[in-house]
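There is one chain below, alone, in structure tokens, taken in the form predicted alone.
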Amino acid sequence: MKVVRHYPLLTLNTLAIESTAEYFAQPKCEADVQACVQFAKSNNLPIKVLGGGSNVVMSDHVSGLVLQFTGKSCRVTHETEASVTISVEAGYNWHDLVMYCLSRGWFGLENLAYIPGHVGAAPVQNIGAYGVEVKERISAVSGVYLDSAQAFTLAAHECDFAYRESRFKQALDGKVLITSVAFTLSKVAKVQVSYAPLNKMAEQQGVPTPSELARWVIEVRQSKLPDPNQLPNAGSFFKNPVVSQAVFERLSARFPDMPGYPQTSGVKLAAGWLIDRLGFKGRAFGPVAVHELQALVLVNRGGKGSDVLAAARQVSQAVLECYGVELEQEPRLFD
């Protein structure tokens, strides 16, 4: 297993932040990961796990050993007339997986099309879009404990999934590397179009097939989110905050047009709406700016990680002062 010292990470993060890893390796299998763990132990190095780089803010220098798992296999582990369970290695590109499943007639991921990143990051963030969260499709997550190099498999109910949360962001944060994810998908098409703007498109064009729905999602995301290859960004930078019913009613009295989405734990607000209403679209904070079309996105024009974080603080502080609502950023600091 090749370990490289002083490895540049500029091309491995979608914010295009110049950063250097103290040590870097790209394991392709469980045995490679275990070898990397032993190398880190022998050299007294912390281990940092990097996925597709679409949900991180890089510091100038990342200490320790950075691991990016690159295994990309996808295999069927169980199949019935109505469903299929597949095991997908963590290095598989997420959007490619969505499209591959559709080509095979395996349904359930189409609302999550065009989300950047790798499969291994999907359960960590419990990625979600347009009324669907990936936890609804995951049956198990496998990986390696970074302290012992022992392999593990957790069933979905053991992963503590919540809105943009999981056990891998809480109790197991920084303690594991995910090597594969098992998904159970349906062979029966049942599209989810209740969430705007898909519901409006369905009213106008009729109920779509799963493949048509994926194309709609791609069109919507392309219209709202800049291509990181053209304009470096990390996608939606802030989580949609969830507030109590009482807080939502108080805010609605002040802002009657404020959208709200009932949840079991309260009401989810649209962070983009909160930011947009304050007039932040297109506003620049040095080399970092709020995207002119999507207020949830911060774009980077040559800034450092500290510049991105400073811009995010100014946006979240303005939201707090106006609405009394705290925004939480989605990308994590990678240092």
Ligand code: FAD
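A residue's number is simply how far along the shown sequence it sits, counting from 1. Everything quoted here is computed from the prediction, not taken from an experiment.
The discussion below concerns the form predicted together with flavin-adenine dinucleotide (FAD), not included here.
Across the proposed site, 115, 121 and 228 without exception bring a heavy atom within 4.5 Å of flavin-adenine dinucleotide (FAD) in the predicted complex. Though flavin-adenine dinucleotide (FAD) is absent from this view, in the predicted complex it lies within 4.5 Å of a heavy atom of just one residue from 275, 50, 288, 65, which is 50. Proximity to flavin-adenine dinucleotide (FAD) in the predicted complex, defined as a heavy atom within 4.5 Å, singles out one entry of 88, 176, 84, 214, which is 176. The stretch from 100-108, 126-134, 248-256, 75-83 that comes within 4.5 Å of flavin-adenine dinucleotide (FAD) in the predicted complex, counting heavy atoms only, is 126-134. Contact check for residue 316: every heavy atom lies farther than 4.5 Å from flavin-adenine dinucleotide (FAD) in the predicted complex. Of the heavy atoms in residue 19, none are within 4.5 Å of flavin-adenine dinucleotide (FAD) in the predicted complex. Contact check for residue 56: a non-hydrogen atom falls within 4.5 Å of flavin-adenine dinucleotide (FAD) in the predicted complex.
The shortest heavy atom separation between residue 335 and flavin-adenine dinucleotide (FAD) in the predicted complex exceeds 4.5 Å.
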